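The chain below stands alone and is given in structure tokens; this is the form predicted on its own.
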Amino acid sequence: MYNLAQRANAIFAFAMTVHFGLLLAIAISSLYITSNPIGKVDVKELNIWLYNYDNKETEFAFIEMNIDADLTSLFNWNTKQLFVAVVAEYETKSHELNQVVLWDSIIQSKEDAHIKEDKVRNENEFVDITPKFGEVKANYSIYWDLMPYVGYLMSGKIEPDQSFSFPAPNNYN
């Protein structure tokens, strides 16, 4: 006959098998849930300022933008949180793709997933790897990373509908 420890072990092993089977079903089923996030970044003001940085004259960009995004379709029963970022993407002669994160946020509930921010300034320094931006056009995209309770991390991008040119620098400090 089996003793108490063997019976407890058998029950625990069966419970863990059922539990991990359920987690696997949740992870696989959440891959088939479709979503359609929409959003727009509207740049209201873009200024370039010259600064003497590390004994070089360097251009810094300062942006004021409006962000309007509806990410509620990304939330389902397996969504823990979203990481959302506004990213400036542009191309220069020396680098094919330059990306700078201007603003970011963590969203933890469906109620907060509709972002409507007005007159937002860039949180991070917007400077090119070279000292000057030159005459480039930047696209401002909304990137999102979905962190589920169980399963794979998913990410996506809301494509911009317009690009903005960098103006000439304003002053020298």
Partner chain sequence: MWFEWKIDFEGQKQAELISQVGIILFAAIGFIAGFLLQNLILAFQIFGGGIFLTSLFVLPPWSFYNQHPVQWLPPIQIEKDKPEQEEVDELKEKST
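Please read these numbers as outputs of a predicted model, since none were measured by experiment. Numbering follows the first chain given and starts at 1.
Omitted here: the form predicted in complex with its partner chain. The next part is about that form.
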| query | If we take heavy atoms and a 4.5 Å cut-off, which stretch out of 38-46, 25-33, 64-72, 119-127 is in contact with its partner chain in the model of the complex? | reply | 25-33
| task | With heavy atoms only and a cut-off of 4.5 Å, decide whether Phe14 touches its partner chain in the model of the complex. | result | yes
| query | Should Asn76 be counted as a contact of its partner chain in the model of the complex, where contact means heavy atoms within 4.5 Å? | reply | yes
| said: Residue-level contact is defined here as any heavy atom of the residue lying within 4.5 Å of its partner chain in the model of the complex; does Tyr149 satisfy this criterion? | reply: yes
| field | Val18: touches its partner chain in the model of the complex, heavy atom cutoff 4.5 angstroms | value | yes
